[in-house]
Ligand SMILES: Nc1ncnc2c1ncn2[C@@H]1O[C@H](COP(=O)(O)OP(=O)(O)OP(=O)(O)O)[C@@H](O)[C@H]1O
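Given next, in structure tokens, is a single chain: the form predicted on its own.
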Amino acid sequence: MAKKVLFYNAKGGQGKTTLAVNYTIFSHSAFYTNEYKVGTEDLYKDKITQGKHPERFNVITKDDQKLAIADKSVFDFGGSLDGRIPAVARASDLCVIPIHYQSKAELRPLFIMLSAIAEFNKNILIVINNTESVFTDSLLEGLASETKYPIKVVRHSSFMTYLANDGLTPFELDIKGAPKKALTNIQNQLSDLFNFIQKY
């Protein structure tokens, strides 16, 4: 069972933090991020800590040499491979690499990143994240022929923005009167992904 999970992408806009925060809440884990200058704390700290568990939200700066890590931990790391990321990758049971695919230009950076992370941890899961169906099927076919890593899909959904906008996970959105079929679809995809991660 994966108790320590790293969500990583060097490139922004891939939905990494949204997935990491939702998985943190889903798995009742502690959350660690190196993205302390981009609003992650402002947007998500209260949701993760529920106002009663401040120890569940942690920022790891470049100056942190040693930090006590909870048994169940989610790491939301972006940016270049500085000293923190290899250490966290080695300590993780699974490294989740989300890609929000829009063009073939996304593929070369993805393969470079996969190769770099694999130097520290070969337990890698690729997540095609919040991507339009017209791109998803061809990307799935291309990735399956080029990489040995498992691949999961979270198809495009407007509900993915609710975490940042309203502080609600997609699992809580039924209280908003959202369209049932579309909501159930994204909930099922996230449940499948998160259960896969937990059981990895």
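Model, not experiment: these values are computed from the prediction. The numbering used is simple: start at 1 and walk along the sequence shown.
Although not depicted, the form predicted together with the ligand is the subject of the following passage.
Engineer: Answer yes if any heavy atom of Asn129 is within 4.5 Å of a heavy atom of the ligand in the model of the complex; otherwise answer no.
Structural biologist: Yes - in the model of the complex, heavy atoms of Asn129 and the ligand come within 4.5 Å of each other.
Engineer: I'd like to know if Met160 sits close to the ligand in the model of the complex, meaning any non-hydrogen atom pair within 4.5 angstroms.
Structural biologist: Yes, Met160 sits close enough to the ligand in the model of the complex that at least one of its heavy atoms falls within 4.5 Å.
Engineer: Does the ligand get within 4.5 angstroms of any non-hydrogen atom of Thr24 in the model of the complex?
Structural biologist: Residue-level check for Thr24: no, no contact with the ligand.
Engineer: Under a 4.5 Å heavy atom criterion, is Pro179 part of the interface with the ligand in the model of the complex?
Structural biologist: It does not: once the ligand is placed as it appears in the model of the complex, Pro179 has no heavy atom within 4.5 Å of it.
Engineer: Just to confirm the contact call: exactly one of 144-152, 129-137, 50-58, 24-32 touches the ligand in the model of the complex at a 4.5 Å heavy atom cutoff, so which is it?
Structural biologist: It is the stretch 129-137.
Engineer: Heavy atoms within 4.5 Å of the ligand in the model of the complex is the criterion; list the residues of 1-30 that meet it.
Structural biologist: Counting only heavy atoms within 4.5 Å of the ligand in the model of the complex, the contacting residues of 1-30 are Lys11, Gly12, Gly13, Gln14, Gly15, Lys16, Thr17, Thr18.
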